[in-house]
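A single chain comes next, written as structure tokens; it is the form predicted on its own.
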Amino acid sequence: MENLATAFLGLSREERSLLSAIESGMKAHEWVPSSIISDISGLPARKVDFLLGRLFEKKLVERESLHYLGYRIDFDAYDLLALSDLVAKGALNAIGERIGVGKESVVYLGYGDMPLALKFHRQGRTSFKHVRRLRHNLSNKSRVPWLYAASLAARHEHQIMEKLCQEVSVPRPVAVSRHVLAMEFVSGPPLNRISLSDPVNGLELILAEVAKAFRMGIIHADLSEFNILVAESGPKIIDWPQAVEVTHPHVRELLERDLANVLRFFQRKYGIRVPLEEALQRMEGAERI
């Protein structure tokens, strides 16, 4: 969606109610009949049909003619529902420009009591099999629509960051709604876009943060130079939806991969060589996994 703020402001209360009703109906239907949308929303059938036509013109619903006319929402509508909820919670007052795009997320600048980073999870249809295989929070779900896969990823990331933020240098999570995680905005470029004046100290600081998380029972499981921000206060580690606890069956492999990614970057860019075994020794308790 090109302009989230404009789309949000252009949505009426009744239209939001219909989008929410479709979301609820999608738990049991691939395409939700208008009669069920009417029942869930409490709006009369004629009003529902009119509003659904308007939402279709806005490209906020998809429809399909089977033996009945059914509707479903996509990420554009899901974005607006999440923003609505964050505003209602008092966590969000305004939304700004898009500041980041990843393979499984989009990040916008937001404003609440402080500047925020709004991370919209985008685990979608094309990557859903991949998501199910890698996300332990979906492993017991026999049938989870892809919108809810993104929602589960956001909630998992929020839970991990809440646990870590008192001890580990991560952005402080503020709120979560559906697939959107609101967190404090960190001003600073990713590690791969900056040249450190003291790379030896920089590497030491990053390894120290990984060790703190490990001692708290958490492994990032996708760490690289792309998700380490260099703030004035030091490194901030972001992107935790794939994080696992140390009870995970492949915990050592994941920890080694995280460390190897960071060490490889510092060797390639700065010529600093630290053996993987030496880095592992800094992770208190790593020898037991």
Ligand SMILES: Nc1ncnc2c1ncn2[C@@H]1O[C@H](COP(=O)(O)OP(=O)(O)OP(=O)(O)O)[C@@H](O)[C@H]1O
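Remember, it's a predicted structure, so these values are computed and weren't measured experimentally. Counting begins at 1, following the sequence as shown.
Omitted here: the form predicted together with this ligand. The next part is about that form.
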property	result
Segment that reaches this ligand in the model of the complex - one of 146 to 154, 111 to 119, 211 to 219, 78 to 86, heavy atoms within 4.5 Å	111 to 119
Listed residue (168, 191, 207, 183) with a non-hydrogen atom within 4.5 angstroms of this ligand in the model of the complex	183
Among the candidates 226, 56, 31, 50, the residue which, in the model of the complex, approaches this ligand to within 4.5 Å (heavy atoms)	226
Contact test in the model of the complex: residue 105 vs this ligand, heavy atoms, 4.5 Å	yes
Close approach of residue 40 to this ligand in the model of the complex, 4.5 Å, heavy atom	no
Residue 239: touches this ligand in the model of the complex, heavy atom cutoff 4.5 angstroms	yes
Contact label in the model of the complex: residue 196 to this ligand, heavy atom within 4.5 Å	no
Sequence-ordered residues of 69 to 100 touching this ligand in the model of the complex, heavy atom within 4.5 Å	99, 100
